[in-house]
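In structure tokens, one chain follows: the form predicted on its own.
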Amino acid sequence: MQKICVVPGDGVGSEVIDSTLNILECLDLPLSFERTVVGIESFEKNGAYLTDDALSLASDCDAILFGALTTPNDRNYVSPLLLLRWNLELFANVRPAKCLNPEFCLSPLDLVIIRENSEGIYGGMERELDDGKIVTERIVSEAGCQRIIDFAFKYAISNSRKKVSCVHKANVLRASDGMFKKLFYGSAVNYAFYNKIKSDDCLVDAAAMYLCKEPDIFDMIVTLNLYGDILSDEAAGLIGGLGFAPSANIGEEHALFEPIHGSAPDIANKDVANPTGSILSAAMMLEYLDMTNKAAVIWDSVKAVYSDKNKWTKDIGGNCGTEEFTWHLRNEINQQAANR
């Protein structure tokens, strides 16, 4: 029995996580679930957004299933999600963007963005100068770059991807992004020779344009932290919105799975949140835990549900709320599981 740390978080986090657990329940999985409180509720109860007990539980579990967080208006706030990434060394952020139905997608996209997750500008290293200017610093290390590049190519091999594109801004950030690009091509030579994986590179601003205009030129993208965060939201927009985008945060010993959307407090507790991203994140979790057949049932069932307009969620013009969509998907999963 493998143990999963469940972190609903804030806003719609509890709704999409409850939907996800409902789906996992019908798959008869050898998993146990332990909940913990993180975020605004934790701060109100414990005076900390992430307690030592919550971090300890997350560290002791085989995987973490995460909901969403609200960012408070507090200059000293540090996101519990960032703290989990740093403490558990979750250096790789994997964000698939896959169109489930061309009728509500702007592009029939099937893309994976691999984002460096532990360095870059999100360290929050900012300082004020006497003249009113603010300096923001970032860390980009050779070891961190090489680690995410190797991860991306290995992911490509194990998932039958044909090309990896390096996205950067080396024409301006010549030392840091220049190093990232150089290390990428140093590795790409070996993977091209032994694994027949193609490679190319693109400036981040051009990549944003190509995602809109010619998204088919990309198969996989590997990039630095901030660029990956922005481009993956753009990719989500092409497949229907943030509610359709799952993600995984992977380290050497730990892994955390979450939808890429925020806590959306304006729609919390109204039964309108789309749980698809959270459910597909759970499917990625099952793949990580070597339950690939069960993960495939989820992916196939989600696609089957979205083939019927009567079962579409409200964010794409359908009529289904969170609970009704979950009910439709659960029925589909039971049918799929019975036929396998």
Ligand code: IPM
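Being a predicted model, the structure only gives us computed values, none of them experimental. The first residue of the sequence shown is number 1, and the count goes up from there.
The next section is about a form of this same protein that is not shown, the form predicted in complex with ligand IPM.
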> In terms of non-hydrogen atoms within 4.5 angstroms, which of the given stretches 204-212, 173-181, 252-260, 132-140 touches ligand IPM in the model of the complex?
Replying inline: 252-260
> Are any of the heavy atoms in residue 85 no more than 4.5 Å from a heavy atom of ligand IPM in the model of the complex?
Replying inline: yes
> If you check in the model of the complex, is residue 122 within 4.5 Å of ligand IPM, heavy atoms only?
Replying inline: yes
>> If we define contact as a non-hydrogen atom of the residue within 4.5 angstroms of the partner, is residue 168 a contact of ligand IPM in the model of the complex?
In response: no
> Is residue 229 close to ligand IPM in the model of the complex, meaning a heavy atom pair under 4.5 Å apart or at it?
Replying inline: yes
> Though ligand IPM is not shown, can you say which of 268, 81, 197, 238 has a heavy atom within 4.5 Å of it in the model of the complex?
Replying inline: 81
> Listed by sequence position, which residues of 94-111 have a non-hydrogen atom within 4.5 angstroms of ligand IPM in the model of the complex?
Replying inline: 95
